[in-house]
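The chain below stands alone, shown as structure tokens; this is the form predicted alone.
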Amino acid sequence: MTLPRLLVLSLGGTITMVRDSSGGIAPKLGAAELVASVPALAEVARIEARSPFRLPSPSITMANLLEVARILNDAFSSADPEGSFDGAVVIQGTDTIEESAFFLDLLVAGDKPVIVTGAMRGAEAPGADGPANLLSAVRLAASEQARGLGALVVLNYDIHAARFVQKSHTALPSSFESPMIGPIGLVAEGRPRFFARVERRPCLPVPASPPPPIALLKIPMGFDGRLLSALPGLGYAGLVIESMGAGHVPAEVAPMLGEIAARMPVVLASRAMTGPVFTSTYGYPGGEIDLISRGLIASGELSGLKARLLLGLCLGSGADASSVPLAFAPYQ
């Protein structure tokens, strides 16, 4: 039986880090070294390993991820004599996995699996989790069951859908959760086991250049709005508000947001860890009915981090402000 052909891309991150002259750890290992360190991978798939970047995840940019999306789309449609790839694994640092996975979910079309993984412990640490996570990711990318689900994240054996996964702890190997629905499966006894399947949301075209800058602002109790008055002059193309509860802000802030929404798209997300933004329950000044009437767009089930990515890609693909609500409609 011919094994599946997989592309493994390493962007860097803790999984690639070893100690350097700083006294701490830094990205050093490449994709080929990571693959070679897990011999069992050869029993699962035929792997081509590449290292487009060697970055800590806080330094990954949208330009980097656009290049990754192009590599993956080309790999899945290639006329390579060996055949196109059957799936892919993207390795990176955990700090921004929830954003990168959703970014790729939006831009990599088709049914072939894209699995994002990393590690909470460096390569030289006792109990390093990188090899187990990489093996789980390859097993998942090679499986027929993972097809059609978009980008997935696997760490600590849990399988998460890209649009729900969040990093919830700074240290634990079990730091990734999907509070809205929970993990959709796990890798156990050497194979993926799915408990649920999520419906794929529409993909967007890969823009020629990075998305325009989108501001992300969390609203605390007592927020006076003085930051809002500066935003239109700072070059942002849009704004995402992480509001209180189901989509609420102080009453005096609502008119300020309405003024900004008349000049650029403003998306209303929640600072709560999970749950949809409401659209038709709270009618008081600063409630979601008031804010939507002023032109704000509800993010639905998307966190502020992920709403920012969708808004940026929507505007970067050439859509005008009137098209933004259509991009968010599938997430309501």
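These numbers were taken from a predicted model, which means no experiment stands behind them. Don't overthink the numbering: it's just position in the shown sequence, from 1.
The discussion below concerns the form predicted in complex with a small molecule, not included here.
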Partner-proximal stretch of 225-233, 91-99, 180-188, 157-165 relative to the small molecule in the predicted complex, 4.5 angstroms, heavy atom: 91-99
Gly13, Met17 and Pro58 all contacting the small molecule in the predicted complex, non-hydrogen atom within 4.5 Å: yes
Met120: touches the small molecule in the predicted complex, heavy atom cutoff 4.5 angstroms: yes
